[in-house]
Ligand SMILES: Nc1ncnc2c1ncn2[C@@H]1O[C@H](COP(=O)(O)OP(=O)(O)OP(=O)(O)O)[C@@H](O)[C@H]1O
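Given next, in structure tokens, is a single chain: the form predicted alone.
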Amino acid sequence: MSDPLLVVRNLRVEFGAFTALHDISFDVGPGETVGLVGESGSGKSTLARALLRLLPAAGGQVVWRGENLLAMGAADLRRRRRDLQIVFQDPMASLNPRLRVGDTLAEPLKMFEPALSGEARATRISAMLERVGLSADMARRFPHEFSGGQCQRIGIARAMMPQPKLLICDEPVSSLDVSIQGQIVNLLADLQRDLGTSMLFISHNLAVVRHLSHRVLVIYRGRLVEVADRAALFAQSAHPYTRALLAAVPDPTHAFAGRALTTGDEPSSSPRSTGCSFHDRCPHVQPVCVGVVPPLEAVAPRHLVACHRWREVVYPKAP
């Protein structure tokens, strides 16, 4: 396998006494799409912003092609941002309402390719608008003249203008109508395939993650609880929380459909430093789950789970 482009090791984010991310470690390879799933408040968007240093990290490393972004000076980091771009959740809020679309798309070119002529910039902008399913003449319009789906296409176009090597998509379809979501997902899949851009795709929609991702990370209360290739995760997930997520998918053909695997109330936002983060909702809880944080351990090659009782979950004893 090729060396990974992005290597994250023990990334930790704190907001005062609250720990939002607990020692997150994973990597993203060239041309790979890694899905990140978890319910609201699990730390998905915090992770996306911490990777790009839009939020400060309390510890760990974010290594991009051999360089630790967290230890990098401002000027060096600014140059690396060409390779690392993000698409935000709210397409309307992510665009400057005072700028025409063409000016918005010109900004990254002016920053990263200042020697480019005005004519060459206009050509690149027109080509990118058409690449994302819009017409070149839309460059003269303002964001309020577009629908939410069109604004998200503009956001994707802006992110792709500097030809990044990694695109972070933070819930890019969650605020869109269901009829539009599939179009945006297919657009991202086409761009990833045609341009070879690596992608970290963040979502709570398992169907979308399954469609796009090669590998999936499952996060809960700021901790990674399972990491697996797409096929392995959906065929035989090992963590009770992952199984609960799969059970919530309205698909009657799914192996776990209709099973109520969680107990207790919704998770609180209070920090937890001991025990499994899922123990108060898990039907398999034992005393060890309350007192000891489970490490990520191998279920199979490329399949990791943080659960003291994953063997009983995956291989239940016959009654």
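Residue positions are given as counts along the sequence shown, with the first one as 1. Quantities reported herein were computed from a predicted structural model and do not represent experimental measurements.
Not on display, but discussed next: the form predicted in complex with this ligand.
Contact with this ligand in the model of the complex holds for none of 90, 147 and 152, as no heavy atom of theirs lies within 4.5 Å. You can rule out all but one of 59-67, 280-288, 23-31, 42-50: in the model of the complex, only 42-50 has residues with a heavy atom within 4.5 Å of this ligand. For the chain shown alone, residue 83 is not a contact residue for this ligand in the model of the complex, no non-hydrogen atom being within 4.5 angstroms.
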